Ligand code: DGL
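As structure tokens, one chain now follows by itself in the form predicted on its own.
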């Protein structure tokens, strides 16, 4: 991107939300509920999911392309509503990409808000479930230990859950059996709370709570992230994000819009309109 492009492409009072697929909609629905006064764009890179099985270099490349797309659409701020991309790409994007190309814009992730929420609880052992990439990065343990070094973090990967959810298999008996297998080690280690380290997993929130039992705290990540975003926006008026009566919501997917709409409406608990298929690799 040239300096001239950077200077002429002004933000348009829009918050962007990005995920590798549909999982980010479990966060986005709380934005729409708790922060409805803003304009939003949601981008799902469904054609290339799951990110959790890919290399860090590939995850960064894919996420970078998504950021470019959303910034060129006029987003002032982007929320990476994907734990894998937050763990593997966010810091580099903030430190290298933003200062050079979009110094007046911001990118936030979902790991820090959840780490802050759980680190402040009076517990000794936290469980984390996520994709292989997120778990292998140790991102949650690093962030939680920064905030509370006395908390022990037990983490396990659940690589099959994202593709099963994206294929519409969330309510199948086979998925529940696999979920039980993934959660069993954390129950055995007697964690006191469980972090859903993938934005797809809240779609299975009820099943996860039933498996973990009443004694283990399992919170909806979307509620926490929306609450933290509200506080962030209150502190950062320089981003130029203002309430509006227009309240536009536009959706983009890199795969079939009909598939996105049919399953996405179940994630969002609302109708999806203004959806378009795009190719972000050509930017």
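The model shown is predicted, which means the values in this text are computed figures rather than measured ones. Residue numbers count along the first chain shown, from 1.
One more form of this protein exists, namely the form predicted together with this ligand; it is left out here, but the text below deals with it.
Checking 114, 162, 204, 90 for any heavy atom within 4.5 Å of this ligand in the predicted bound form turns up a single hit: 162. Figure note: of the listed segments 212-220, 46-54, 28-36, 249-257, the one touching this ligand in the predicted bound form, with heavy atoms no more than 4.5 Å away, is 46-54. At the 4.5 Å threshold, heavy atoms of residue 197 reach this ligand in the predicted bound form.
Annotation for 84-103: the only interface residue with this ligand in the predicted bound form is 84 [heavy atom within 4.5 Å].
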